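Consider the single chain below, provided in structure tokens and representing the form predicted on its own.
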Amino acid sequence: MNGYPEIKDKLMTVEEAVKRFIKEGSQIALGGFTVARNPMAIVYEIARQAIRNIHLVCHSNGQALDVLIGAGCVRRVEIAYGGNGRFAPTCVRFKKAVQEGSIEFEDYSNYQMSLRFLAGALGIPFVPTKSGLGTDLITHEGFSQETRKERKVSRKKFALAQNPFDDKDDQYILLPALNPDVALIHVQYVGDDGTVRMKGLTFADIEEAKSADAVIVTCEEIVPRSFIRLDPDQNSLPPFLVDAIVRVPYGAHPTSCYSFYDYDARHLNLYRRIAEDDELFKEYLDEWVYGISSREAYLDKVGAATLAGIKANRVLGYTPGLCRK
């Protein structure tokens, strides 16, 4: 870490990042999408530190969302979609928690969640849209009026308004902005000056980071400034937006990280089967989360053969011929 003087105050371990920035009751934005670029290394550490009553806000998420809920860390969720693609069209522990009423839940569309993070990033209190008119998204609310009195919770799910510049125009939905306490993002590269580069689809990660009070970035590699300055249009976040940088190779496993590795279908299938059973899921957490002493131990447990098998073709960005069943 001493080799990066410009970011030495931001470089830390996952343990340090979680202790410094994530508290009980924090509102946390999870980056990534279903089985792509979930910030798993940070999520496992949150579970290990037994941080409770988290308020999750997500565009669409999968494995990270499900592990946090299954570990009992989450009190409420605002999200468009929670699923692991073909492995679990709806995340198993997420679904159980909603059905059992053990978490509070409010849903928006994918586009609406993107707009809410965008409003937060722009520093405006709400954003207008016509998306959602005529749907049950504006006829059903998930949060009680008591919940709406708490910090970081909007006083309304939405509001309806006319266009003030054209009284002949239709109604608009006004969506409340999101400004989470912390955004958790996993990326491919961070420059030794702190510049962040995400490759492939960025989903809502950039807006989430810009809207948050603090940003923790885990990355596959820390690269020289000379590299990060090549193709500057490929860079995603400037250094001043990032509060913590953690180098964690395979930090998104078992989800994918474009151009580095694909998702681990074997692990995701294992997880789906185990997550259906409460007792087996407790054993899973003991084995894969609580019982892991270090990141190296985690990768040893995954196995060199598995990691080699999901290694991505750097040109294609994914793993050709991977068994995805």
Partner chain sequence: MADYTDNEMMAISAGRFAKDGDILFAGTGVSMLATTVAKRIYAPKAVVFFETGGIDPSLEEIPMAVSDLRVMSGTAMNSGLIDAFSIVGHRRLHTIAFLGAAQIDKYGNLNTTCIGDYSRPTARFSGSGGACDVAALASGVITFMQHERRRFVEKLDYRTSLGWHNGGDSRSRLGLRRGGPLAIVTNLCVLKFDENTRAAYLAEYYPGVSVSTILENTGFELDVSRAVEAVPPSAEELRILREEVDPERLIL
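Residue numbers count along the first chain shown, from 1. Quick caveat: nothing in here was measured; it's all calculated off a predicted structure.
From this point on, the text means the form predicted in complex with the partner chain, which you will not see here.
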212, 216, 204, 190 - the one with a heavy atom within 4.5 Å of the partner chain in the predicted complex: 204
Selected contact from 112, 235, 179, 154, since only one has a non-hydrogen atom within 4.5 angstroms of the partner chain in the predicted complex: 112
Is every one of 106, 131 and 258 within 4.5 Å of the partner chain in the predicted complex, counting heavy atoms? yes
At 4.5 Å between heavy atoms, only one of the stretches 290-298, 262-270, 44-52, 22-30 reaches the partner chain in the predicted complex; which one is it? 262-270
Can any non-hydrogen atom of residue 316 be found within 4.5 angstroms of the partner chain in the predicted complex? yes
Does residue 8 reach the partner chain in the predicted complex, with heavy atoms at most 4.5 Å apart? no
According to a 4.5 angstroms non-hydrogen atom cut-off, is residue 320 in contact with the partner chain in the predicted complex? yes
Taking the shortest heavy atom distance, is residue 197 within 4.5 Å of the partner chain in the predicted complex? no
Residues within stretch 33-64 having a non-hydrogen atom within 4.5 Å of the partner chain in the predicted complex: 33, 34, 35, 36, 59, 60
